[in-house]
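Next comes just one chain, in structure tokens: the form predicted alone.
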Amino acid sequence: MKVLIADDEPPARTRMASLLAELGDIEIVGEAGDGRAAVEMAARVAPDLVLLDINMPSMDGFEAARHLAALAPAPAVIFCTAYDEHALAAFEANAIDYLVKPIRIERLQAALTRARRYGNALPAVLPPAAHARTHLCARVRGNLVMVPIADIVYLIAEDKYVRVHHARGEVLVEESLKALETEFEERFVRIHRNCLVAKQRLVGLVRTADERVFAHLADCAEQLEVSRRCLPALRKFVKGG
């Protein structure tokens, strides 16, 4: 079984590697210090299982598990944490198992047995309730690209994809604009049936001579037209009301 260890504490990764070595029939294919690194590494090394800490910087274990579930093939996930209060959320997220630190070798062995039993029939990993992502995940020429939500300028629907325009370029994600609007309603505002813009980037509205209205976004030269349907609510938002 190929295993990836993800934990922001090096001693914890070392101890886990030591426990796995005692069990045998385990190949450690990588170690990561945060959730984002774990997802990116998993896309490269294709582990069968990820032993995933929950409280990590950059991206926590719950969000990382959601992105891992989108990989093909998706690895099994076992959460490992020092905080027992995360247990319910872990099982709501359909993890294979949940281990509380300090991890006993007998408990680890039982979790690995469960993971082997699932094989390719893994349960879908779900986000815990009210747990918004901090990144969107896209494939660019076969490589995994993680885009921080905070870097996104605007989102445009294109057929079954959404084009994500961010601080360093653009990518396509296979998600619906409506679902993204619902998940990130505090961060984005709709200006057209096919476009959401980052609220913090919206400077104002510009009316042209032909009576069309465009959104003026900070550090963005793109002309994004505002639909008549969205205009009243958008004017209210710009005015702070």
Partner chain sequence: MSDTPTPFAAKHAPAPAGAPWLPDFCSLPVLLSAMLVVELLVVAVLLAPSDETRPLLPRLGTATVFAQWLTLLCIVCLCMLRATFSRLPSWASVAAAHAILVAAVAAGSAVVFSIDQQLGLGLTLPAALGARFVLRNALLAALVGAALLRYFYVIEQWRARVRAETQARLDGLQARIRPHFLFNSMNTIASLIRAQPLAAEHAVMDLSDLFRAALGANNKPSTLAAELELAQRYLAIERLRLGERLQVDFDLAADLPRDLPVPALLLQPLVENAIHHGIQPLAEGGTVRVHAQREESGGALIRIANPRPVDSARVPSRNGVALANTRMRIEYHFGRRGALDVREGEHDFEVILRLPTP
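Residue numbers count along the first chain shown, from 1. Keep in mind that what you see is a predicted model, and the values were worked out from it rather than measured.
The same protein also has a form predicted in complex with its partner chain, omitted here; what follows describes it.
- The stretch in contact with its partner chain in the predicted bound form, judged by heavy atoms within 4.5 Å, is 53-61, chosen from 53-61, 66-74, 205-213, 39-47.
- Residue in contact with its partner chain in the predicted bound form (any heavy atom within 4.5 Å), chosen from Ile103, Ala138, Ile156, Ala115: Ile103.
- Although the partner is absent here, Pro10 is a contact residue: one of its heavy atoms lies within 4.5 angstroms of its partner chain in the predicted bound form.
- Under a 4.5 angstroms non-hydrogen atom cutoff, its partner chain in the predicted bound form has Glu22 among its neighbouring residues.
- For the chain shown alone, Arg190 is not a contact residue for its partner chain in the predicted bound form, no non-hydrogen atom being within 4.5 angstroms.
- Its partner chain is not drawn, but in the predicted bound form it has a heavy atom within 4.5 Å of Arg15.
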